[in-house]
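Presented below, as structure tokens, is a lone chain in the form predicted alone.
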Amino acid sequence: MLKIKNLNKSYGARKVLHDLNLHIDTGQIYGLLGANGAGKTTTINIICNLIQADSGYVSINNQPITDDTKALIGIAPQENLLYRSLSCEENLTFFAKIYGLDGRRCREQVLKTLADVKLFDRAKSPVETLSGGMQRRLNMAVALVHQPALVILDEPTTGLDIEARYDIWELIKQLKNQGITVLLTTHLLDEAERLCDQIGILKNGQILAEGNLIQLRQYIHAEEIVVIKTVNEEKAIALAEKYGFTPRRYGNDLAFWIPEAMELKEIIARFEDVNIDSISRQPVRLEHIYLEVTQQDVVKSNQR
């Protein structure tokens, strides 16, 4: 569906994308993860033909990116593309006409899209009267009104409460059920875990790791992760390494990769000579994988 091959982009002396390669199959939800400055926005702008790459190749449905492929793409940026004084219906009609819809087809598609995002009953409501979650759903409707093949969602749930976030998640799942391909950028790793078929971890303009959650989990050689609080961290690390537990720092937490399934009493027994204030067990999550992939160049001594 979407193919990116050896994509490069620089702004002056600053290299933003380095031989970026990415492939998304039709109907997939692909999560593109990366810190601010990793290259996500530049990649999106190139896909949408808003800026030109220095070199490389991008295609949608086997068509090279041109002005003609813009109609195949719908984008919902992080900042809502909405006119606050206009109604939901007026907003969608405006954007539908930009995409070339008119007459009866335009009205039918506007009303259908409002129904799809559960805003049909608010068609005549000005945007300024909507909740934040409703506005975000309408912003997604702008990306969907012309029935694109590829929808790009840039941080679609940032700043929303949990109920509004769940509404957006359900809408994204519906897009997948309709066979629409989704490129999702997010800083919420639990969001990517819930929604994405494939995940790419982007840093310094390169995909460092890519795959589904099972494939990405191979970056963490552990059955589970144990977090320990103790005043004697150095001794805990020495004991852990003796038993084959890999130490890691996650923020202020001292954690250990446990390589095989163990009872809690067995784990505690390994640290019997350490005064432990608390111990907790966690499954291996995407946040652990993300940190491991993006911080591979961090010296272990600095992680302690």
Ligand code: ATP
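Residue indices: 1-based, along the sequence shown. Keep in mind it's a predicted model, so treat the numbers as computed, not measured.
Not pictured, yet referred to below: the form predicted together with the named molecule.
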| query | finding |
| --- | --- |
| Per-stretch contact check against the named molecule in the predicted bound form, the hit in 40-48, 239-247, 254-262, 267-275 (non-hydrogen atom, 4.5 angstroms) | 40-48 |
| The named molecule contact at Lys173 in the predicted bound form, heavy atom, 4.5 Å | no |
| 4.5 Å heavy atom contact, Glu223 to the named molecule in the predicted bound form | no |
| Contact flag, Leu22 vs the named molecule in the predicted bound form, heavy atom cut 4.5 Å | no |
| Interface membership of Val16, the named molecule in the predicted bound form, 4.5 Å heavy atom rule | yes |
| Contact residue in the predicted bound form, chosen from Arg107, Lys229, His187, Lys118 - any heavy atom within 4.5 Å of the named molecule | His187 |
| Sole residue of Glu210, Glu155, Asp197, Asp167 within 4.5 Å of the named molecule in the predicted bound form, by heavy atom | Glu155 |
